[in-house]
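Just one chain follows, in the form predicted alone, and it is written as structure tokens.
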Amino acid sequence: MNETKTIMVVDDDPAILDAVCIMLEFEGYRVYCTPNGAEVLSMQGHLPDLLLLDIWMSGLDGRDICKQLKQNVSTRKLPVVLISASRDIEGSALAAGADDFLAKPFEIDDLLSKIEKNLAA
């Protein structure tokens, strides 16, 4: 199942971005990684199967990106999992319209579980 799924990971922390992307590739996902939140809003054509999006990034805030995606007819069904070190990640994720959330720091198994759950939905 994983081999056909594409995940876009957006985080402006290079260490987290590299670690998550390498781990997801190891699990068999096709992974597109970027530190630039604006790239998400300029996606054209083929969308990823899931978006893993950090909340606090320089430039665009992940919550704002999520809200814009969920308001757009062509991207509203894209599963978005927000990640953050924020203490109120659950409230922020719900307010932004995210499909799920995960608090940093997180265990890899918890991340994989969230991804699998949202890809199956």
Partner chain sequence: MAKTIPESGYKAIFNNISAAILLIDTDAPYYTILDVNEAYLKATNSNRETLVGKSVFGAFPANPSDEEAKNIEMTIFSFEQAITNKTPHTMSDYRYDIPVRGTDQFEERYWTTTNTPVLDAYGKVAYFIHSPANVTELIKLREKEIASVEALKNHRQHLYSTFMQAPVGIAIFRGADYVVDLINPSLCTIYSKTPEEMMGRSVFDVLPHTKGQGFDKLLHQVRLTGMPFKGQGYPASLMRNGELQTVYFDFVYEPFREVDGTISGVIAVATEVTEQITAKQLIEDAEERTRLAVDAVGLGTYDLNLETGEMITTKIFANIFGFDEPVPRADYVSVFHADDRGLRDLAHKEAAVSGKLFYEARVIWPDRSIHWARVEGKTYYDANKKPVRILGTLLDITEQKQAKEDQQKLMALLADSEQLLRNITTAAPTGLWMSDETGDITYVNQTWMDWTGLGYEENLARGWTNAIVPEDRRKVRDKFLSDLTGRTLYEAEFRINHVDGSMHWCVATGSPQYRNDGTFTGYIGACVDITEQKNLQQQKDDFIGIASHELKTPVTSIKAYTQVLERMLLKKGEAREAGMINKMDGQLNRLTSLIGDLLDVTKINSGKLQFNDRDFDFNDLVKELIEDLQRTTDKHVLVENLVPTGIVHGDKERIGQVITNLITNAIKYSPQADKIIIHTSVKNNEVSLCVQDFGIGIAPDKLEKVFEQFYRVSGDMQHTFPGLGLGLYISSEIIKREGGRIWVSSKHGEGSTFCFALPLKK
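Residue numbers count along the first chain shown, from 1. Owing to the predicted nature of the structure, the values given are computational and were not obtained by experimental measurement.
Only in words, not in the display: the form predicted in complex with its partner chain, which the text now covers.
The candidate site formed by M8, E116 and A120 is entirely out of contact with its partner chain in the predicted complex, as no residue has a non-hydrogen atom within 4.5 angstroms of it. In short, of 82 to 90, 31 to 39, 44 to 52, 69 to 77 it is 82 to 90 that has heavy atoms within 4.5 Å of its partner chain in the predicted complex. Contact check for D13: a heavy atom falls within 4.5 Å of its partner chain in the predicted complex. Proximity of E27 to its partner chain in the predicted complex: non-hydrogen atoms within 4.5 Å are present.
In the predicted complex, K104, P105, F106, E107, I108, D109, L112 are the residues of 94 to 121 with at least one heavy atom within 4.5 Å of its partner chain, listed from first to last.
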